[in-house]
Ligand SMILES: C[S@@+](CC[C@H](N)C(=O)[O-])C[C@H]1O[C@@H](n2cnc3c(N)ncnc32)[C@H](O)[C@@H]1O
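Only one chain comes next, encoded as structure tokens, the form predicted alone.
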Amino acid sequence: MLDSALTHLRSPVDNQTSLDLEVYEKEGSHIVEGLLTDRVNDVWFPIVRGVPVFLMGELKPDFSAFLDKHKLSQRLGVETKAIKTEEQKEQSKTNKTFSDKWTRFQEYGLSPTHQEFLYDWYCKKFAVDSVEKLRALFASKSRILECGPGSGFNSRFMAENTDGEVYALDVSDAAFTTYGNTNHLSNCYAIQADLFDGPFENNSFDLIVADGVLHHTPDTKKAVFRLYEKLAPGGNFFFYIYRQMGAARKFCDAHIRDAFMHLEPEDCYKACESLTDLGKALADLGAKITLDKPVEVLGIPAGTHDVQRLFYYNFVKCFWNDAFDYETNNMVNFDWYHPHNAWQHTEEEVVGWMEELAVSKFQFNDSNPNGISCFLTK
């Protein structure tokens, strides 16, 4: 952590109280071990491996070794965890998935082949027609929050293209992967925290990005509303969430997830291989079919369909993309079926959320049939 991050960090207890910093170990300009203390509410948060950790309650790790190492046990006492909320219990199950995923796939999104695919998709999500315009969007922002950065590839891209600050918040151990991939940048800060308890004041960011994250929380709508509180008036908020799929796909998703999500991560990766093999086999066909009429009962539109995409969008998640190696393709399928929470939504639902928030300026950007890309202005 760079000490400049302290300017905008606040205690997650009340989102207002400034934090006192004690530094125990540094590497260059980075604080790799230290302590942040909220003296008003009498709580503390450690800095571990360069990342400030703001997890509370059920989500808070055991820091007894940290306390012993820095001889803090007597001074801080034996910590009792806060009351465990149902949301924290739910989120802790999903954390296991993503802590494992982003420890394994630390280079995801960093290679040129990955970036060619991913930033083309980002342009569609943000409704811009070139990467240069995407860069210009980020350059226009002074304070950006990305929730769920994963490997940190997009946080890094944003920080490289703005003179402002980028805060990358992840509830899982992905925060440490993001730190490792961004700590060469003086304007990018990795934070481990629950987005429901983000350590920031309200109305403090002019861009918030949550790409493929909020549907993995216990409550997608509450997550949208919570992040909206952090957005400054006139700021932009982009989120991408899973779209409610057709009947056959919904059945297969529920059936497979019920079988896979209770597996240990290693076992789930293995179980997903058959789906990845199916995706590759269908992609290798290079076949297309044309439907003169829509199959309305299954939500399949008329038109020409790539066979692999037809299966993928309408029957079963069997991702395959030649831009990625086998393990990364398999990870994408794991990402779909192992998380404990993976909600699907409709555009009508999201419109209802916008009405409740009194948001009049928002748009849905057509990025792919599986998801809803929403870009709004506060």
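Sequential numbering from 1, following the sequence displayed. Please read all numbers here as calculations on a predicted model, not as lab measurements.
Beyond the structure shown, there is the form predicted together with the named molecule, which is absent from this document and is the topic of what follows.
Exercise: Glu165 in contact with the named molecule in the predicted bound form, heavy atom 4.5 Å: No, Glu165 stays farther than 4.5 Å from the named molecule in the predicted bound form.
The named molecule contact at Gly212 in the predicted bound form, heavy atom, 4.5 Å: Gly212: contacts the named molecule in the predicted bound form.
Gly235: touches the named molecule in the predicted bound form, heavy atom cutoff 4.5 angstroms: Because no heavy atom of Gly235 falls inside 4.5 Å of the named molecule in the predicted bound form, the answer is no.
is_contact(Gln88, the named molecule) in the predicted bound form, heavy atom dist at most 4.5 Å: No, Gln88 stays farther than 4.5 Å from the named molecule in the predicted bound form.
Answer option from Thr220, Asn183, Gln308, Ser172, heavy atom within 4.5 Å of the named molecule in the predicted bound form: By the 4.5 Å criterion, the partner-contacting residue is Ser172.
Residue among Phe153, Phe200, Tyr179, Phe260 with a heavy atom within 4.5 Å of the named molecule in the predicted bound form: It is Phe153 that has a heavy atom within 4.5 Å of the partner.
Heavy atom contact within 4.5 Å of the named molecule in the predicted bound form, the stretch among 131 to 139, 252 to 260, 267 to 275, 100 to 108: Looking at the partner contacts, the answer comes out as 100 to 108.
Stretch 145 to 162: residues contacting the named molecule in the predicted bound form, 4.5 Å heavy atom cut-off: Those in contact are Glu146, Gly148, Pro149, Gly150, Phe153.
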